[in-house]
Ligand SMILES: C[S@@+](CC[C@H](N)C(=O)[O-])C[C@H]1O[C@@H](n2cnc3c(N)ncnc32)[C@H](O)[C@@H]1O
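Here you get one chain, nothing else, as structure tokens; it is the form predicted alone.
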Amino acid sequence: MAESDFGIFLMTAPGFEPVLHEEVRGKGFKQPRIVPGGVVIRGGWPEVWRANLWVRGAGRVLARVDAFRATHFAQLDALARKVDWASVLRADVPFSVEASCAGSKLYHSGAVAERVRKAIEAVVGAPYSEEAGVVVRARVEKDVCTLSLDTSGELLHKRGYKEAVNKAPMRETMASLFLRQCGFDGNEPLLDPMCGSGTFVIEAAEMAARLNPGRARHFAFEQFANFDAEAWEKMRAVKSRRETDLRFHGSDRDAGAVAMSQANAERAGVGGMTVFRQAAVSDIEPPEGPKGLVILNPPYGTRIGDKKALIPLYRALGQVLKSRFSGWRVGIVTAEGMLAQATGLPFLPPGPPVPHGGIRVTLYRTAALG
């Protein structure tokens, strides 16, 4: 594994690859290209750290350690032992191995994981543990075995500030990609009239303030053999925050959701940029100032409520938005096209559905309302 030029895979939900690519390219990473399930860039360990610290839409960041062709287990065993594991793994830090196989002579993922595990134990002497924070991933596809390190640890939507969530929460990574799909870049106000635990509002405020999404958490790479704590602290210490007069609004009919959102926003350091209040959908009004984006993830009957019973809610939402929010754009995330159409809003052609908690959801968005 070259220290300064290897493949770095930024993972996302299938369907979001072009949106993540746009973000990664905009943040100055080298040679980003779309692959199934994410975006690959080239770089070294500073780029790995930066991707974890900076990129809002990635779920994990994997660093490619090696790749080779293997069609039988003796070959896999021999080649896995030639990998320079000691340059990245510490003898005193436990590790685990996860494997997957597709279209290959080596089709038993458990046996692949066992061979890679034994190779690492032989080369480094590190202890194996199923619960380890350091995870080696082996993917055998069309007889090519790719070995990667999960550099993130916990999934990257865990920003480090959200103690409380409501039912059917949306991941922060997904919320940021939906915001980007709506053309949101932090330079306009935003309203989520069904804010739940405040995810859309807090992500929008962080984007406006240019706050690094990974600023408040730890990563698996901090336990690697080549980790440079001093260089990492310098990178983290760079102040990216900018001031803005814009405000980001959330409302919900549930007082508990409003309190939860306020507490989450305070912990995220954007309490002064966010405004939450208790209100039914029928009571929402556009905040004073410039026009912006209304975005929400309403119930869609798959897990909460019955689909047909939700039609009046969507219809009322559409009427309020059409009558009061002229000049604003709208984004609605739902699993049911029928419910989106019940709003009567003039939606643009939707993008692909994306997986969310075991179901597939679609973003329905409008241009500025007339």
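Residues carry their position along the shown sequence, with the first being 1. Only a predicted model underlies this, so the values are computations on that prediction, with no experimental measurement involved.
There is also a form predicted together with the named molecule; it is not shown, and the following applies to it.
With the partner omitted from this view, the residue of Ala111, Ala259, Ala78, Ala280 that lies near the named molecule in the predicted bound form is Ala280 [heavy atom within 4.5 Å]. This chain appears without its partner; in the predicted bound form, the one residue of Gly271, Gly133, Gly125, Pro169 with a heavy atom within 4.5 Å of the named molecule is Pro169.
With the named molecule omitted here, the record of contacts in the predicted bound form names 169 to 177 of 169 to 177, 142 to 150, 223 to 231, 116 to 124, defined by a heavy atom within 4.5 Å. Using a 4.5 angstroms threshold between heavy atoms, Gly292 stays clear of the named molecule in the predicted bound form. Shown alone here, Arg253 lies within 4.5 Å of the named molecule in the predicted bound form, counting heavy atoms only.
With a 4.5 Å cutoff on heavy atoms, Pro286 does not count as touching the named molecule in the predicted bound form; it lies far away. Though the partner is left out of this view, Gly214 does not reach within 4.5 Å of the named molecule in the predicted bound form, counting heavy atoms only.
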